[in-house]
Ligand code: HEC
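What follows is one chain in structure tokens, specifically the form predicted alone.
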Amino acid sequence: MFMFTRFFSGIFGLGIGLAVGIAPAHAADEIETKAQLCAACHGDKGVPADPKTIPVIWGQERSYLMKQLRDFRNGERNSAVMSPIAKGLAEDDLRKIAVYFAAKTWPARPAPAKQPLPPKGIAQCQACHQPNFQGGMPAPRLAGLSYEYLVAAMRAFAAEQRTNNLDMPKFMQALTDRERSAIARYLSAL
């Protein structure tokens, strides 16, 4: 009886040890697999298939990624591509995907020509997006996003087509198209 108990305890302990060791690896593989769907558009090395219309998500601010995924899922932000994908993900998956991409390194790219500091509007952007525009909770990194993506996002906020941030429409409406364009050129060159 003693040997049977000892044998059973050893097998049981081994089983628990394997389960504890394998479960996190399996969970990581599962998120990696789900995140691969993102690579079709956002790029498998962090460079989007079309940087003019698709943002970089590798190394982006975690809380921002989480908010955007939630907003796509609940309809506060609409996208023909992202909304159906996000609606198919559980809350825990959204969180894990945001952590996964935030932990990646922002993709390297050739240094673009420096742009002059825009005379108006850029200072108010720094309050949330940080002095170097690399983002910080809860604001996204803007430095290095494409000019086209940035100016389209600013225009969408100004026209109140994108409303999942209550402050951005007011900020963008206070600027002219030319001022928004200058800010986008500056940020894309960082």
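Nothing here was measured: the structure is a model prediction, and the numbers come from that model. For every residue, the number given is its place in the sequence shown, counted from 1.
Unshown form predicted in complex with the ligand; subsequent notes refer to it.
Trainee: Decide whether residue 149 counts as a contact residue for the ligand in the predicted bound form under a heavy atom distance cut-off of 4.5 Å.
Mentor: So residue 149 counts as contacting the ligand.
Trainee: Please tell me whether any heavy atom belonging to residue 77 falls inside 4.5 Å of a heavy atom of the ligand, as the geometry stands in the predicted bound form.
Mentor: Taking the distances in the predicted bound form, the answer for residue 77 is yes, it comes within 4.5 Å of the ligand.
Trainee: Indicate whether the ligand has at least one heavy atom within 4.5 Å of a heavy atom of residue 158 in the predicted bound form.
Mentor: No, residue 158 is distant from the partner.
Trainee: Should residue 138 be classed as touching the ligand in the predicted bound form when contacts are defined as heavy atoms within 4.5 Å?
Mentor: Yes, residue 138 is a contact residue.
Trainee: Should the three residues 42, 85 and 121 be counted as contacting the ligand in the predicted bound form, with contact defined as a heavy atom within 4.5 Å for each?
Mentor: All three within 4.5 Å in the predicted bound form.
Trainee: Going by the ligand in the predicted bound form, which residues of 132-165 come within 4.5 Å of it through any heavy atom?
Mentor: Sequence-ordered list: 138, 139, 140, 142, 145, 149, 150, 153, 154, 157, 162, 164, 165.
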